[in-house]
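In the structure tokens that follow, a single protein chain appears in two forms: structure 1, then structure 2.
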Structure 1
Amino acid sequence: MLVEALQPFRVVMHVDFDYFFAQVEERENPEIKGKPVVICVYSGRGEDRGAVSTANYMARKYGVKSGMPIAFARKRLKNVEAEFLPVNHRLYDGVSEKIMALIHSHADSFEQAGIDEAFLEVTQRVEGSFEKARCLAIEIKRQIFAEEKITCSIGVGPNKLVAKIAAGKQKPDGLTIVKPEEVQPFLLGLPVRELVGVGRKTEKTLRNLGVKTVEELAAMSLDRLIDTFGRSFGSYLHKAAHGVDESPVQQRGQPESVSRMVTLKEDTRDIATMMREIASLARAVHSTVVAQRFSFRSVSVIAVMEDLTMRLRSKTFEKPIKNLKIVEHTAEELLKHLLREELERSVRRVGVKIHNFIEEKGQKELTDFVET
């Protein structure tokens, strides 16, 4: 009882940089501010071929969305002066790194959840007080803007689930606090889709059960949810609907996989053509991982077909490998295998992924260099 009174709740913060790539570009080139700004991934297949990565709020007002073909965005903006810029990942990586270091310094524990978002456990340093958390959030926003001229939106709640949803409630440059006693009313009216982990498929399954809101989800029994979604996801949904999320804020380690993809000049089924691309993709993933002194056990080849459906083939080795030639050779075998199963469609994009990393340690042994 006393212990509970002393430490009743966690205080967790979610920081989300506003329309990040486009905002960084606005900062670098203030003249474009006030215009729609669209950040594009060009495929190299021709002018305006590719997809929209992100866009500033003015472009969004015209209906421009992430993932949309660039040509669609052009159409939406044909009557306005707009900026279409290619992604500049190096630039965004640098800005992100600086902001992450800054906010990390304000956390008891820290979890980066992407290039533009992070969770901060702040329970200790705000002594469990949501009022102190509000002050801290304001200070973090102030510092990020002072140092990097970037705005962000922050959500504060008793756990990661609530903090993340809260951060999305007021954007851009927002701050939303959800105190423990406010969690139930905050969640109840929301569509289930806003819960982390509920995508289109789960939403549809729930809709077929007559469940559209978190309130309706919370009314479902745990047994029913487990019957429908299995033990793990069913229990998760039950807790989430009641605002319960005990997952810790914890630093993420090394990425679990590294992949590179490229769009082919034109759709093809020719192995040699694809292998030329795969060789350089393999070099890229291999050097990234080997430079960090990791070897790996799994190699995958990814093919995006002409109709944009994705196919993947993987092979896992019993022993760690680190030889580039094995990656190339494995990728080739996997690609041939994939095409034997996929007799109709041509390939639009290819990729190589390596995963199942094993950290190298100690003295190198002769066997490290023997091919598997």
Structure 2
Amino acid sequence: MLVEALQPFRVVMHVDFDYFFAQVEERENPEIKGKPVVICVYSGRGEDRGAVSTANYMARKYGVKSGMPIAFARKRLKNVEAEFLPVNHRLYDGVSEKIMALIHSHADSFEQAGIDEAFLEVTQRVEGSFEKARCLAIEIKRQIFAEEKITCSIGVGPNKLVAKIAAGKQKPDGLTIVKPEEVQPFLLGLPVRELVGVGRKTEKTLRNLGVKTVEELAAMSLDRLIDTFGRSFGSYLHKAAHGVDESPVQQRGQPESVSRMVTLKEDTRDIATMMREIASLARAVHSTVVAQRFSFRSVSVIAVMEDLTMRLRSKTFEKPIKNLKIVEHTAEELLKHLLREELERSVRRVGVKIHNFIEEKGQKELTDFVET
């Protein structure tokens, strides 16, 4: 086996929001909780035309699955009091953005893999300790539920591959820790289909080769896998079967925004208290953006109020900027403006977001010459 090729000093989390679209709808409409809930993409040609986007776990017990025609889902739930709801991307995007900002603040590096899942490299944050990672995962789950009333499942492992598989093991609201020495027993008994990247076609090909489990895949020679699947995918399957994944946790492509949030020690309306935190957050997001050689045109301040509602105020500049002092000053002005509108409620969490990026190509900007 290739267990020695693992990098045990890495600690990686995969955070997966449980049945996300349906769970958000349950949060918004508590009276539907306890019923099968099916979120649908309607074609506009009738109430039964279109496909299922996702379903809660109660609906899944009746065989309702993502991608299933809505008409089939209705047949499965014919004699059941179920809720069929249209997708509400604006709502889901807003909830996702808030949760992503929260979990991003806990990561050494962060990679959003979809609207409802993300990878976190936390090796430095937890000093390489899987026990500290367990405590951090519990705190992340607690914060997400406290602030957004959404449960998530978290997998922790020595790399992204193991963490992602682990996250799916105790859904919903689960936490699975796989330490480096536990990777082999964790993986080998799994059906090969549970490996990331193995779909129906690959599963069928492997079954024709007499391979049904990860253990049987791990026993195949690299040469045979390359002959069957080509060098790139064959090599991937060989490594994956042995729990090896060197891929870094990093945001793919140009990010849409970079943000950080922090929970205040106590709810407050004191500008000076909040600005101490915002200044630190601004430095963090600014350094991340500048390191990636982006300038930007928009700055936002985020406030989660004492009743857990979120408020956001933004300013967009005519020309690109990248000066930290401008970010801090803008955030302070936005925060003051927000508090003038929110005359009674105190603030529970504050955050800063930089967005509207422009990739630098060697040009000088006016604000490069501003003294700091």
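Keep in mind it's a predicted model, so treat the numbers as computed, not measured. One-based numbering along structure 1's sequence throughout. Rigid core here is just the name for the largest C-alpha set that superposes within 1.5 Å across the two forms.
Where the criterion is the form predicted together with the DNA, structure 1 meets it and its counterpart does not. In a rigid-core overlay of the protein, residue 15 has its C-alpha displaced by under 2 Å between structures 1 and 2. Comparing the forms between structures 1 and 2, the C-alpha position of residue 331 differs by 2 angstroms or more, with the core used for superposition. Once both forms are fitted on their rigid core, the CA atom of residue 267 lies 2 Å or more apart between structures 1 and 2. Summarising the core-aligned comparison between structures 1 and 2, the C-alpha atom of residue 353 is found to shift 29.1 Å.
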